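Below, in structure tokens: the form predicted on its own, a single chain.
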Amino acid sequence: MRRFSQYVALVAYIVFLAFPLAWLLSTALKTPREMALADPTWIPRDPTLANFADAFGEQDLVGAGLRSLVVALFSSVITVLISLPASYAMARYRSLLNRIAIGWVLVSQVFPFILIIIPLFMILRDLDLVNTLPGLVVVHVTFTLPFALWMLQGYVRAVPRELEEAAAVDGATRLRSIASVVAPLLAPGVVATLLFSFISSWNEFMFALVILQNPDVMTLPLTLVRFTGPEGVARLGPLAAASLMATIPSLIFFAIIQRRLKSGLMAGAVKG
């Protein structure tokens, strides 16, 4: 009975998570007349791909998707490259400065991100990075870095110090013990941080809205907004089709990286 209840809860949770995606697919395949019905249906009575054709014909979804992909990849890789050594220092070295840094990382998560938009915009304007993808990468790294630091320092703390001490007894330098002992055990944390940073950057809208005003450099979230008319009325069919296409790259990235995450977790469990 207990196992049956667990299965029921698991199925309910999966259905809950899949509901927005299923509704998005259903809407993308409906005609405007069917979407206007007072009693909406799950399965389209007369499925059509016209919404997908309209979405790709009206907006440069491929170009916007490529720009979002470039920004998300660079932002996630740079975030991991910065946060990995910093998180090791935060986890391994105990000092007043270290405790202040950890406290500031926590406090920075309390403030709304709207507070840093104006200072960041002024800095980027002075550096001539407004309306550029490198400028948006800088902003995304700035807002994902604190949480990435917090995530990775937890993984570093989970690696026993005794492993590094044993490597030192065997004659390994600190850099060698970090590269040969600590780094392989941190693989799951690095992959998880990479995934978090990529999805955060891929879905980010507010900073992109402020930094990018030129339509030629707009990312995918900004392009999706253009399916809303000047009166604020959204064209649901093309918007649903475009939003559905926008979820595919992140799902593919997650499917690829999830396999490495699982293998890393298993490797870490065996070595630990």
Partner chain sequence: MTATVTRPAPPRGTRRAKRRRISRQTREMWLLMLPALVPVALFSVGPLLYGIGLAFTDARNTRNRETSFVGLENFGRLLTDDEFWSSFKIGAIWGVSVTVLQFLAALGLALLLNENLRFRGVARVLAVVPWAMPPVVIGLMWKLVYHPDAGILNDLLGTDINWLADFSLALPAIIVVGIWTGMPQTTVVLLAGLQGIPKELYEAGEVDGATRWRRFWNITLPQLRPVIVAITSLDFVWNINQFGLVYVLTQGGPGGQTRLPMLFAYEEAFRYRMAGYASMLGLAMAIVVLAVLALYLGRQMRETK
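Given the structure is predicted, the values throughout are model-derived calculations rather than measurements. Residue numbers count along the first chain shown, from 1. Whichever C-alpha set is largest while still superposing within 1.5 Å between the two forms counts as the rigid core.
Note that the form predicted together with the partner chain isn't included here; everything after this is about it.
Every residue of the trio 112, 203 and 247 has some heavy atom no more than 4.5 Å from the partner chain in the model of the complex. Among the residues 183, 172, 73, 89, the one placing a heavy atom within 4.5 Å of the partner chain in the model of the complex is 89. 82 is the sole member of 158, 187, 82, 151 with a non-hydrogen atom lying within 4.5 angstroms of the partner chain in the model of the complex. In the model of the complex, the partner chain sits within 4.5 Å of a heavy atom belonging to residue 125.
Although the partner is absent from this view, residue 119 contacts the partner chain in the model of the complex, with a non-hydrogen atom inside 4.5 angstroms.
Remark: residue 239 counts among the residues lining the partner chain in the model of the complex, judged by a heavy atom distance of 4.5 Å or less. In the model of the complex, the partner chain sits within 4.5 Å of a heavy atom belonging to residue 224. The partner is not shown here, but in the model of the complex the stretch 7 to 26 reaches within 4.5 angstroms of the partner chain through a heavy atom at 7, 9, 10, 13, 14, 16, 17, 18, 19, 20, 21, 23, 24. With a cut-off of 2 Å and the rigid core superposed, residue 36 has a Cα displacement that reaches or exceeds the cut-off between the shown form and the other one.
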